[in-house]
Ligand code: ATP
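Take a look at this single chain in structure tokens; it is the form predicted alone.
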């Protein structure tokens, strides 16, 4: 007889190093003596706007089938010991949490489904996680201020209730002696792997900006990560890449690149530190500001919001610069300080005509004052009204996205859209 257990872990890394997924990779090896991993380990990206996050705000969950009921305590001790050994407790923002789900009921599954989704879209309090843990008698261990219990419970909740949309990521880890030094990855092999497996894998190479983007630059244990639609796709790419020795690798099922963080709502309902899909009409021409950022304003039913394409989005800014007052758009992104950070945009309709002063004697006529029409300074001719003229727009309707080098973990790339959703 097998005994199921779900383990959720969060907040063990720091901006200076370590990685919660690496802890999971080590645990997978250490827990083999007690049972087997069901399905894939889960890598869950939480709300990307949380100010307390370390890097990618990732939590992990492992679903185990234990061989013996008496091994339950051994598993818990092994997990707690791994966190105590590997978590970066010296970092102020590192506050690990561990949860162990050993039994389930329909009410708990319903509550956890809602809680887990809120952890991706909303801002939760530590007390909300603690209350849920107490309500259902879920075993846990929190460290320092225990904030990690939020992500740990959310990841475990997804392991229990499932993901409606998911992708895969194969993460390769470095030998410990190489942590903190430059990564040795053969560029040509990466280009070949991308060419052979795209579009079943993506965000390995940013061709427009001529950058390899699947390897981090921080001093953590990750060598690189390959994202794709299936295990076979990420394995195929992995088999082609030449690099420094790989200590170990794990294939995770994940909510990355699913747009799970986005809330479809109206402009007048947005709140800071959340992510949205908003419809509106461009109500202010694009402006470029210091730093190379581009800003537009969109409006709907009397409410308005500024939307920014930041400098790291590179060529995406050129799309925003071409918009005009009156264009109808749908924007995708995160709101901070009342401003949306653009991740994608769908141009729904473009204005094709505009009012212009009439032409006379080869030049535009001048206004003669409010309500007095227009006059030609050369011949003196007068006309009462402006004329409607067609516009040549160097842009088309449809979806546009930031390049891979600027993509957030949860943002769904257009390569994953089917028939460019409408």
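Since this is a predicted model, take the numbers as computed values, not measurements. Residue numbers count along the first chain shown, from 1.
Omitted from view is the form predicted together with the named molecule, to which the following refers.
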property	result
Interface stretch in the model of the complex with the named molecule - options 57-65, 355-363, 368-376, 23-31, non-hydrogen atom within 4.5 Å	57-65
The named molecule: the contacting residue among 75, 119, 226, 320 in the model of the complex [heavy atom, 4.5 Å]	119
Listed residue that, although the named molecule is not shown, lies within 4.5 Å of it in the model of the complex (heavy atoms), from 170, 331, 124, 270	124
Contact test in the model of the complex: residue 309 vs the named molecule, heavy atoms, 4.5 Å	no
Proximity of residue 156 to the named molecule in the model of the complex, heavy atoms at 4.5 Å	no
Any non-hydrogen atom of residue 147 within 4.5 angstroms of the named molecule in the model of the complex	yes
Partner contacts for 33-64, taking the named molecule in the model of the complex and a 4.5 Å heavy atom cut-off	45, 46, 47, 50, 52, 53, 54, 55, 56, 57, 58
